[in-house]
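Below, in structure tokens: the form predicted on its own, a single chain.
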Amino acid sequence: MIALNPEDTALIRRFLTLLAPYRFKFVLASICMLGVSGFTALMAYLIKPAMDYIFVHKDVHMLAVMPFVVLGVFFLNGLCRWASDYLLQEIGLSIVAELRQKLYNHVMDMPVSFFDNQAGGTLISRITNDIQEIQFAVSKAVTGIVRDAFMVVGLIFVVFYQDWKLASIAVLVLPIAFFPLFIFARILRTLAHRSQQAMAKLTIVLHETFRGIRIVKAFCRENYEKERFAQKNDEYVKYARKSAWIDAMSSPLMEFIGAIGIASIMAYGGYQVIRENATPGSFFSFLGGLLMLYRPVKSLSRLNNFIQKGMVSLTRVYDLLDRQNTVKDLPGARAVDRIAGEVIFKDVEFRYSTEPVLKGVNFQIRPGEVVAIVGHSGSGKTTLVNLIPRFYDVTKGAIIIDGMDVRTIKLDSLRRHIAMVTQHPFLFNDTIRNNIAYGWNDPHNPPDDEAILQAARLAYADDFISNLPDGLDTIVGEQGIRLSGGQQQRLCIARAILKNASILILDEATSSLDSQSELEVQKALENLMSGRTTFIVAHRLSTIQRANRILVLSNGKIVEEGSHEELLTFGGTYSRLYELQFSSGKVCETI
């Protein structure tokens, strides 16, 4: 009845492994479902004595007893149905919640390269919409299948007990009634897949539009975005409407085919009663059981839509769960308690696809040294510093910190000793306190306010924090929108200061700021850089000139190395970039 291929069966077995912690509740629910099956079958059987003894033989004693018996059976049936439904839905919700958490954890553990190739809206759709479809399939479809299957077994026993010949005719009709469902199942699977793809596209539009709402407003593109959303919305509704059409068609079609069998049985059974080969009670008991039998059978057919959508979602979720993490701890990797900060790049090569971005990079940085990395846009500056915390792994060569290949250090241990401040400050829609405390290395033992305020003072952020009505408890808004760019960056610096890491990476940390904000942030950066091995990727020369050394990248290679004065005297690439910047009378984005 429910069309499943071998891949679906394997996927369901894998999913059901999540059922293990809930075995006891499932057994209890199964007992309750057996009760539902038994009491439903008993209802059908009670039609016979009610008809024969009360309406045919006019037995007054049976008339006094039978209503209470029927009432008791209905009460117990309802009690078992409530218990089984609740327990199964609770199990389903727990399993789906575990799967949702497992999926989120897996995505969070994936390397940065994974997010480079995945739209944020698609990932959100997997964790929300796809999991929601699985939840519907589990809470409605699985509950219905288990309960109705037991009920079908019980009622088949009753109708065969009453009249096996008539029951055989009725049961033979069922495969014919179910045949259209196999055809519908294939169509529903395709439509479910397309509708969920359409929902993912819809989520992407929402995600992009809300994040870029200021650009939308600034360029007066509200109507364009409305039309874009309407197009994706209509695409989703188109597939959903087709699914609804097929789902609505399946039940009436089954009922009509089943009615052919019932009509035939009524004709044959009525003839047997007229010929006195059967009592009216036994015939109506049989007919009542048969009608009750068709109800769970029909219910099972309606679950097909939920099952197909759930299977598509389950396939998409496990496809994501099966993605391998390419940046992970190697066997034997160890944690390090302290890092002095010596960094060596040894014949490093890196490529995103086929063409190498970095080629044969070699240099050594002493602990506490400040090194600037400059070069034309696309020369590989940001890629180089992203290799240090293993956002990506080198294609060839090695990065060595304190004599250890970074691949032999546990990832979380390595990254605890590295702090980053990037060009675009990122703040969570939370309080200033929690945004600064995000840099604390022990999440189970949060820092006190004094430690947070000390980090804010060193980042020159305490002045504007004290002027806010709620101080540290001020909500900064999504991505810190309620603060200026300089204030956002200083909070990010405070976060890095609180982390107290040995290695610091500044990736164009002041390039998006105006001159006044840059001066304020620069003072905070000097406090942050003190005593730390620092890598600076920058367009502006204010920080570069204070560096102990400058590495000049061109086409993925280090072409020059030295101090600011040495490189100017050398008259090479750095000198040309310097002259280009100052000849324009402004900070040029070539360095």
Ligand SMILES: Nc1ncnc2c1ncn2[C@@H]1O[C@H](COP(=O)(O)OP(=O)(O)O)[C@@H](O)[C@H]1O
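Quick note: we count residues from 1 along the sequence shown, nothing fancier. Quick caveat: nothing in here was measured; it's all calculated off a predicted structure.
Not pictured, yet referred to below: the form predicted in complex with the ligand.
K.L.:
Using 4.5 Å between non-hydrogen atoms, is residue 377 touching the ligand in the predicted complex?
P.N.:
Taking the distances in the predicted complex, the answer for residue 377 is yes, it comes within 4.5 Å of the ligand.
K.L.:
According to a 4.5 angstroms non-hydrogen atom cut-off, is residue 382 in contact with the ligand in the predicted complex?
P.N.:
Result yes; residue 382 sits at the interface with the ligand in the predicted complex.
K.L.:
So, residue 222 and the ligand: in the predicted complex, are they within 4.5 Å at any heavy atom pair?
P.N.:
No.
K.L.:
Look up in the predicted complex whether residue 319 has a non-hydrogen atom within 4.5 angstroms of the ligand, and give yes or no.
P.N.:
No.
K.L.:
So which stretch, 351-359, 450-458, 401-409, 327-335, is the one near the ligand in the predicted complex (non-hydrogen atoms, 4.5 Å)?
P.N.:
Selected range: 351-359.
K.L.:
Between the ligand and 90, 306 and 313, in the predicted complex, does every residue show a non-hydrogen atom at 4.5 Å or closer?
P.N.:
No.
K.L.:
Considering 116, 347, 473, 227, which brings a non-hydrogen atom within 4.5 Å of the ligand in the predicted complex?
P.N.:
It is 116 that has a heavy atom within 4.5 Å of the partner.
K.L.:
Just one of 464, 440, 236, 392 has a heavy atom within 4.5 angstroms of the ligand in the predicted complex, so which one?
P.N.:
Of the candidates 464, 440, 236, 392, 392 is the one lying within 4.5 Å of the ligand in the predicted complex.
K.L.:
If we check the ligand in the predicted complex, which of the residues in 415-440 reach within 4.5 angstroms of it by a non-hydrogen atom?
P.N.:
The stretch 415-440, when checked against the ligand in the predicted complex, contributes only 423 at the 4.5 Å heavy-atom cut-off.
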